[in-house]
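We begin with a single chain expressed as structure tokens, specifically the form predicted on its own.
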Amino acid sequence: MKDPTRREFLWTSGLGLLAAGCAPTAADYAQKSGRRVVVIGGGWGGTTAAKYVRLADPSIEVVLLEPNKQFVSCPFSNLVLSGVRTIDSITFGYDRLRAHGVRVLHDTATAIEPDAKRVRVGNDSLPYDRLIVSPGVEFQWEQVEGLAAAQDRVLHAWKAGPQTVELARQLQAMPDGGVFVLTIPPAVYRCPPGPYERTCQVAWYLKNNKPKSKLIVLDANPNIISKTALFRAAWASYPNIEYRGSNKVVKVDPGTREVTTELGDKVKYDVLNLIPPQRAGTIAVSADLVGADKRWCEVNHLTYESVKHKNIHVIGDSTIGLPVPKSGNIANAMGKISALAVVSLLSDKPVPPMAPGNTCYSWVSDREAIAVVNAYKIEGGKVVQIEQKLTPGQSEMWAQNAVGWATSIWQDMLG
């Protein structure tokens, strides 16, 4: 047997091709020598799952597929719109995951082949023993007339990153006396309270910087669907909010700068933030992981294994059927539970029953927040909610708690 080269030594020692000066590719992982878990998606669920598989059993090889080289947090991104935070403060790299032995590939999974137990990445393939899919959400552009052709001009900013920065710039550039229109899709969608928190942040900014302007909220739902009374109380401080429930937007025309609701009303805007209807990420749909609704993935409540394909676990915002919101905290909890389930299954051990938990903070001004806490248990093989608690009102204390929560969970995911 020949002596190993420095490159081979670094590879086998766990530092991999990155330490040798080159980024690994899918071709480098075409063969596997031991047990391997592939994770698709480097968001709240995927990063957590990848890290916790390695923590639970370092003998298992973990490959994480994520096209973006940086993680940008959706929670706290509404504060970028109001100027309370910068985009850099919610942006993180993946180097610490690599330090845990996770092999991070900044590439896109193009197909899943369940029978062959492999993921296609371009012309290459990654074989796996277990696959964890955490693809987030994709937008249903076709459900709003004119939106597909106007994606480059109509911002959603519902995936934090460049659009968040651009929407903040448009808000800052809007003339005093202008109209900011925010549209909310029908439930279910990613982060139920998110649009209402965004309403607070935009309204706060306008109140302090453009007092002659107003914010029109066109909600496809009949009423605020999360923390209703708390948001209503917070909005009392913002007379610049005009909230219209049961106003689903069905058409957008960037040329005339107006949207049309299903009631036939045409609403003019200076700045538009249109949040489209959503479904599971594209890879989940193309791999036939979604249910009859063609939107969301049904999973086993104990292992998050797909009810349609064995050895494939789906976590995070793409799932449905559990009585949990599509939140970052839930995705993080699913990441841990799926990781321990996968390790148990690969070791032919019973899967311990574990229920997720959820804490969700919403900022209602530059320094005050509200929160909800959901507790769950496993009963009869299903996740069941046992308690929901809301803060009695908004306060600076809850905002401080929110900062501590975010710092802790980002560290848990990526540290």
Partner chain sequence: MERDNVMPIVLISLLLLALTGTAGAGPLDGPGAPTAVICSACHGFAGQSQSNTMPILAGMASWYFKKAIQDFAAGKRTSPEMEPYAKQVVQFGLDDVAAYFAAQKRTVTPVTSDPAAIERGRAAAAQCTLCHGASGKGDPAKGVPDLTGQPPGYLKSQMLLFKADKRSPGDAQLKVVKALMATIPDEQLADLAAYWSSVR
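Numbering follows the first chain given and starts at 1. A quick note: this is a predicted structure, and the numbers were derived from the prediction, not measured.
Another form, the form predicted in complex with the partner chain, is not on view; read the next lines as being about it.
**Student:** Of the options G101, P277, G194, P325, which one has a non-hydrogen atom that comes within 4.5 Å of the partner chain in the predicted complex?
**Tutor:** Partner contact (heavy atom, 4.5 Å) among the options: G101.
**Student:** Exactly one residue in T303, N329, S73, N240 has a non-hydrogen atom within 4.5 Å of the partner chain in the predicted complex; which is it?
**Tutor:** Partner contact (heavy atom, 4.5 Å) among the options: N329.
**Student:** Using the partner position in the predicted complex, report whether I312 sits within 4.5 Å of the partner chain, counting heavy atoms only.
**Tutor:** I312: no contact with the partner chain in the predicted complex.
**Student:** Contact between K336 and the partner chain in the predicted complex at 4.5 Å, heavy atoms?
**Tutor:** Close contact exists here: in the predicted complex, K336 approaches the partner chain to within 4.5 Å, heavy atoms only.
**Student:** If you check in the predicted complex, is I409 within 4.5 Å of the partner chain, heavy atoms only?
**Tutor:** Contact with the partner chain, yes.
**Student:** Examine L346 and determine whether its closest non-hydrogen atom to the partner chain in the predicted complex is within 4.5 angstroms.
**Tutor:** Output for L346 is no: heavy atoms all beyond 4.5 Å of the partner chain.
**Student:** Have a look at 290-298, 266-274, 102-110, 135-143 and name the one stretch with heavy atoms inside 4.5 Å of the partner chain in the predicted complex.
**Tutor:** Of the options given, it is 102-110.
**Student:** Among G122, G161 and A168, does every residue place a heavy atom within 4.5 Å of the partner chain in the predicted complex?
**Tutor:** Looking in the predicted complex, the three residues G122, G161 and A168 all stay beyond 4.5 Å of the partner chain (heavy atoms).
**Student:** Quick one: name the residues from 44-77 with any non-hydrogen atom within 4.5 angstroms of the partner chain in the predicted complex.
**Tutor:** In sequence order, Y52, R54, L55, A56, P58, S59 come within 4.5 Å of the partner.
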